[in-house]
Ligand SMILES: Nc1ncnc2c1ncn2[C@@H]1O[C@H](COP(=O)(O)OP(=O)(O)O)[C@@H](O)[C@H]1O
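Just the one chain here, laid out as structure tokens, in the form predicted alone.
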């Protein structure tokens, strides 16, 4: 799905603008704090109902104004869709082709959107939560049943944890084990199958961007060293410790993926520039696996990359076939000359000028 046009009113330092985009590459040029990232935020908000910079949508509303409005014009399979999102008096309203929708997750399900920002390195540096989010976001777009099963699993998990905290009887607590196991096994299998599909694509992008073959070490959230010990048995064996701590210690909610190069953690062998390219490879692999056309936002692409690596990365971005939005401080830092119908925008103090 391509974003053809976006109307923005009162988002951060963007007072009002209407921009028409290329379905291939869109280069946004301007000094720091000029509004480049704010435009990417607007695209993220209208595409998936949330910003990649904050969970508080009211922080996006321009100072001294009461609300904001976004209207996006999308094309999918030659059919036009108009998505509107407004925020005023702490209430968000979303419409698709004039019809109100109650959940912003409907946006995320329609428009696969991927984001590469300077903070993306936390995918490698932080704890497992971000890596689970990376994994879940990818499976969500490939397996339509995934979100419902994920929600059901976490609903049951909350019930079991509540029973543990309240020191209920063993029988009452273990009554949640079987439904928890049923959802856990489905989540595990969907994640495992997804990683098996993703790995060869990651290998290809890894070779292209960093000359290495990254490997995923998937850890489902419980020990699989002995395949004869089921998740059910792990819950049974760990009951006393769960009761002592007041929460369920094992399960898909504790899953992780470690990324390794030749058996070693990437953090120990890669420079920051190489880590950035690895994260790019991981994101592009996910994007390539999507069944629908995707949108890719890349903020400050030149940072930590020399000209050769920037050229290689832009070639990889083009290969995905996604609609790409890239920000940079100077136009000569990014070459989009071989992208058909590419466009360039200059931005200063929240004001945009269409250059190409």
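Positions refer to the first chain, counted from 1. It should be emphasised that the depicted structure is a prediction, and the values quoted were computed from it without experimental measurement.
In what follows, reference is made to the form predicted together with the ligand, a form of this protein that is not presented.
Looking at residue 44, you'd find every heavy atom of it more than 4.5 angstroms from the ligand in the predicted bound form. At the 4.5 Å threshold, heavy atoms of residue 55 stay clear of the ligand in the predicted bound form, well away from it.
The closest heavy atom approach of residue 33 to the ligand in the predicted bound form falls within 4.5 Å.
Although the partner is absent here, residue 320 sits far enough away that none of its heavy atoms falls within 4.5 Å of the ligand in the predicted bound form. Listed residues 37, 51, 294, 26 were compared with the ligand in the predicted bound form; 37 is the one with a heavy atom within 4.5 Å. With contact defined as any non-hydrogen atom lying within 4.5 angstroms of the ligand in the predicted bound form, the contacting residues in 53-70 are 53, 59, 60, 61, 62, 63, given in sequence order.
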